[in-house]
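As structure tokens, the next two blocks hold two forms of the same chain, structure 1 and structure 2.
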Structure 1
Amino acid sequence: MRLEPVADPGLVRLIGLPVLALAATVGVASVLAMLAGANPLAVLGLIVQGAAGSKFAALETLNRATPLIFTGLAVAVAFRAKLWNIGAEAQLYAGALMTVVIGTQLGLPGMLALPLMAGAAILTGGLVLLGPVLLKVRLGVDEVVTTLLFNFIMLLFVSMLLEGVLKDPMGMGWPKSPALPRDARLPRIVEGLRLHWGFGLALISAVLVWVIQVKTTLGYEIRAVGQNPQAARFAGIPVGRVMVKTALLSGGLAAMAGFSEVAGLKGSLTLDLSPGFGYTGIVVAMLALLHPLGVVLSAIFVAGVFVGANSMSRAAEVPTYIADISVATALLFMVLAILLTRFRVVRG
């Protein structure tokens, strides 16, 4: 048995296999529901109802999807250049940290604070990823290891600050930062509900990333470097410089997830700001086949699974871990679908 490249995959492979992967995921979720003693159709219905069965549920799903769009875009941009950024979690916390520092320490009015917080978050997130990329370009250090380790380094660094100089004196001993002033927060899209304009920024970011990838020289260079760096270098493309630009773009996008969570939703920084948005962004990007506009739909789908699972768990008394398993299974099946899209299994 060996794998043979498929020259022209065709529409059936390009669309049919990913759809089959999602169907297989639903099948696995149904089996898990039965093992938990519940009706699979009832469980799936409750998940859909909990994710989109009301105005509140739908907006909560979009709210949960906001950071996933940013981290999904960050991963999609990096992976397109074969830059394996596993450190979106670190870049997210770097963006959140800069948001809190500028928003609470400088005393700027909201009209100045918001763009400055966003700009500082983007720059800091890009710089966090720049280190591992320079190690990769200059010394050949595997970026999977360095970006993954940066997640733990950043969490420990944030923990140190929250127990020290950034600790809220009015927080009753809880390790959290002071809250952002009201005028330094993103406004709500729907008054009285939690959905904020970070979601709008995420949609704009997805369109901008698509334009960069499809309509600009940088996008062409990113694709060329990802497909064959040796050929790209032979054609005159500065591979190292393209990797640096990709790192700055990818890290900045992930940092926007931290900015939107602090400035749009939480209002302050805590160690549990992210329940793994950076890691889930990998799933989102892979489900979208690294397409920026597909990332939006993928993020909403994954967010709906998590939000719906929370509601389903209360109604059907089924553990919410079924959502985690389903999302992980979806990733595995999608990776297999991508592999079978590009290769066919032949004997001999």
Structure 2
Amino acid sequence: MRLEPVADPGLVRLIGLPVLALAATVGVASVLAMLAGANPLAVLGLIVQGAAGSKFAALETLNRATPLIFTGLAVAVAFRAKLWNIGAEAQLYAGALMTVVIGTQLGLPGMLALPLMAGAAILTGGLVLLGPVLLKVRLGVDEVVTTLLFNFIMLLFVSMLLEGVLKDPMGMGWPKSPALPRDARLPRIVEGLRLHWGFGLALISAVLVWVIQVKTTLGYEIRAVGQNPQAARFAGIPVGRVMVKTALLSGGLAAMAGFSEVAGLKGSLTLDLSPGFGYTGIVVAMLALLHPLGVVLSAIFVAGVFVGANSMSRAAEVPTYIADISVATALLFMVLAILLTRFRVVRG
């Protein structure tokens, strides 16, 4: 078999195939539910209900989507430039770390502390990614492996600080940072509802990234470098410098996930702050076809799957890992479906 470009895909192909991919994912999830001895329809119903069945559930989904929007944007920005940033997890923790350091150690008033926390988080996240990117640009070291390995190093570094200088004296021995003072936390968007301003910042970031991509020279340069670095260099685009800027942007966005989780939701830093938001960000970005506004939708969808599966597994005897499998399956089916909108399979 080989692939042949489709000249004019047509609406049926463009919409039908992605829908088919999602349907296939639901099919896989149903089989998994049956393996667990549950009725697939009931399981799917419980997942939808748990994700969006009540005001509380829906807000929970949006809260869970917030860090995923940030990490999804971080990945989308980087992948556009063919910069394989698999280290959003490390950048997230770097951002969270700066957030608690500035928020708890300097004793600043909230009006001053919050912007400083966010700024320092963004800068640190960017710098964490800058290391692997400079190694790539200067020495040709593959950034996939280095960013992946940095995730483990960063988590150990955070663990060391949480058991050392950053340990909460009131923490009953748990490795946990002191809590941020009340006025150094992100306020709720609507008083009384459990949705914090991190979500608002995530939406604003998505729009900003979109504007950067379509309206600025940097956006054009990032696209050019991603499509063909040689041609971009030939056209006079400083490829190395574009890579560095992309790294700062991508790392900064991932760090915002850490900032918003600490300052908006948790109030302090623990080692389980992120259940793999950095890695899930890759799925979010791919499902959104690397489009910043699409990231918002796909993050809400993925968050819904996780939140829904969590509440479903308490009701039915189906392990919550069904959500992780479904998300991974959706990713694989979707990249295949997107390919098949542009190519058709021919024999020979």
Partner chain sequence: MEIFEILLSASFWAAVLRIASPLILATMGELICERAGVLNLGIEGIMVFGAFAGWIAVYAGLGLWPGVLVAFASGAMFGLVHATLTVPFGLSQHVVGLGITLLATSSAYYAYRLALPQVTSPPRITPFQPLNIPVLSDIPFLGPALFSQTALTYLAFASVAVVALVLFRTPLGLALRAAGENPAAVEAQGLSVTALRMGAVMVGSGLMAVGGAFLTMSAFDSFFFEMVNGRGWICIALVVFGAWMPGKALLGALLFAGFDALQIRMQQTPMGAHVPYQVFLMVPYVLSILALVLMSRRVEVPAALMVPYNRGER
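The term rigid core refers to the maximal set of C-alpha atoms that superpose within 1.5 Å between the two forms. Residue numbering: sequential along structure 1, first residue numbered 1. Note that the structure is predicted; figures quoted are calculated from it, not measured.
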{"property": "Form predicted alone, given as structure number", "result": "1"}
{"property": "Flag for E191, CA shift 2 Å or larger between structures 1 and 2 after aligning core", "result": "yes"}
{"property": "Core-superposed C-alpha of I325 shifting 2 Å or more between structures 1 and 2", "result": "no"}
{"property": "Between structures 1 and 2, how far the Cα of A7 shifts once the core is aligned, in Å", "result": "5.7"}
